[in-house]
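As structure tokens, one chain now follows by itself in the form predicted on its own.
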């Protein structure tokens, strides 16, 4: 199958592309930053999108490209809508013209966090920040325009090692030269390991049971919970992890108190094979540790 991937150089793309290559699919990896062999594509450029589709002739699309800096989106709202919403509309338009299926990666942040238990696919979104609003608009465009689509909401993404600029990477970097780390304990979410969701996406696509899904590692946790385990897995029990409130770290974008999601539909289908968040974090931290080891002669 001829598969087009947008955002291939990102955290999820770096896990998904190798799996597709193993299946002997013909892949066109695209990204706004053309590195690692990716073809340069700005999804907000309609003519550029049309040309890539015309030249490659994809039979399916994995749409991963997005501006994911939550606070950056709050500050640069026009750019957030340009990429996450208009860019998605451009990709959807080309898929619609060719009647090909689309996989669109969305976010657990579309909910307002007022529930006390994890959100399912049947709960109504109510986004609190610009990033989540742009991603939800993307969902709406996909659902109303296409007949064959998978909208997959992920949680707090981990993975990518050198591409990781998120919480886990920041905590690991703090381990050098510090004796105490403060981590927010009043916001709860779900981790999503790129290795696990990449496998899950391929299994889901094979079913051709189109629709909206949640796909995160099982269980929920706070940033404080994550930081404690990172310290443990890194063998740095000499470092204290202290719980903090969100007020200690004021940020431009409002976050929901609860971003945890339940893979409810996958469970009903007998396909919820995602490991627990603790297992996923331990595996990822081990990968990071290995990458930091000096290369032998």
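Worth saying up front: this structure is predicted, and the values here are computed from it rather than measured. Positions refer to the first chain, counted from 1.
Keep in mind that the form predicted in complex with a small molecule is missing from the display, and what follows is about it.
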> So, in the predicted complex, is residue 26 in contact with the small molecule at a 4.5 angstroms heavy atom limit?
Replying inline: no
> Does at least one non-hydrogen atom of residue 263 fall within 4.5 angstroms of the small molecule in the predicted complex?
Replying inline: no
> Does residue 227 make contact with the small molecule in the predicted complex, using a 4.5 Å heavy atom cut-off?
Replying inline: no
>> Contact with the small molecule in the predicted complex for residue 33, defined as at least one heavy atom pair within 4.5 Å: yes or no?
In response: yes
>> Is it true that 60, 101 and 199, all three, sit within 4.5 Å of the small molecule in the predicted complex, judged by heavy atoms?
In response: no
>> Please identify the residue among 280, 20, 288, 12 with any heavy atom within 4.5 Å of the small molecule in the predicted complex.
In response: 12
>> By the heavy atom within 4.5 Å rule, which residue out of 241, 258, 64, 52 makes contact with the small molecule in the predicted complex?
In response: 64
> Hey, of 265 to 273, 229 to 237, 245 to 253, 64 to 72, which bit sits against the small molecule in the predicted complex at 4.5 Å between non-hydrogen atoms?
Replying inline: 64 to 72
